[in-house]
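Only one chain is shown below, in structure tokens, and it's the form predicted on its own.
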């Protein structure tokens, strides 16, 4: 418990500093929120057009497709809030600043992942989530209490899986000093999960389920919320995410043995 308390205080301090920076750069943050609002507005316009012009896509109704888009929106945003430090990691490796992170009395993986929480996205997540819940409540869907409970478990599972994927990006950063291309490639691939992964042909479908598992992150939780999967799928998703996280941590520890510090 002492260790968890220590890391909580460290993250809270980093988040407060990020919040202070946000208030200092008020002008740029206004443009950020305008851009985010416009992006959300265009997405809602697309969903409205989808719902009113398309009956089914790959066996899913237009209302169900709206759920996939909204679930993707949430799962895509939360890791960006927590793990924005990944986007800056390659610079730490190239300049040797990662050396100092290795010397600190905290886990370097924690510092590399959470070094710069995105407060702007965190603030924007509140109204966008409330709006998403309202939209889902207006759809012609049958959602049970059990499906909501399983969906909540899978949302936590999706964050674990997203954490593992970001750790793998850090591994690439240590080995190649390049992160930007990898993280943006991951973001581009993850956008395919705005639609149910099950509508894609093989081998792309298997790629999106098991190699870059955005299908398990987005498609399965959305389908469980809609009552399309059983408890066995939930258990499989959790076991897969646990194994994926274990593998990513092993690769992270291995990559540290290959790290060449600024002194070498």
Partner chain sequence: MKTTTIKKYWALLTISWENGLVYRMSVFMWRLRRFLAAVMALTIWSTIYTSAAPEATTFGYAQSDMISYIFLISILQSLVLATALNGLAQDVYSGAISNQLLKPLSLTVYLIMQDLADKLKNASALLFEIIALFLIFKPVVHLPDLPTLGIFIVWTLAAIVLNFCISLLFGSLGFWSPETWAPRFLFYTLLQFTAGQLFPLDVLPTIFQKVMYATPFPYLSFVQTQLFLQKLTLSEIQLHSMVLLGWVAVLAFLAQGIWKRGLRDYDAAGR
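For clarity, every value in this text was computed on a predicted model and none was experimentally measured. Residue numbers count along the first chain shown, from 1.
Keep in mind that the form predicted in complex with its partner chain is missing from the display, and what follows is about it.
Asks: At the 4.5 Å heavy atom threshold, is residue 104 in contact with its partner chain in the predicted bound form?
Replies: No, residue 104 sits far enough from its partner chain in the predicted bound form that none of its heavy atoms falls within 4.5 Å.
Asks: Is residue 234 part of the interface with its partner chain in the predicted bound form - any heavy atom within 4.5 Å?
Replies: Outside the cut-off, so no.
Asks: Please determine whether residue 230 contacts its partner chain in the predicted bound form, using a 4.5 Å cut-off between heavy atoms.
Replies: Close contact is absent here: in the predicted bound form, residue 230 is far from its partner chain, nothing within 4.5 Å, heavy atoms only.
Asks: Using the partner position in the predicted bound form, report whether residue 97 sits within 4.5 Å of its partner chain, counting heavy atoms only.
Replies: Outside the cut-off, so no.
Asks: Pick the stretch from 143-151, 107-115, 173-181, 127-135 whose residues have a heavy atom within 4.5 Å of its partner chain in the predicted bound form.
Replies: Contact-bearing stretch, as computed: 173-181.
Asks: Could you pull out the residues of 163-197 that have any heavy atom within 4.5 Å of its partner chain in the predicted bound form?
Replies: Those in contact are 178, 181, 182, 184, 185, 188, 189, 191, 192, 194, 195.
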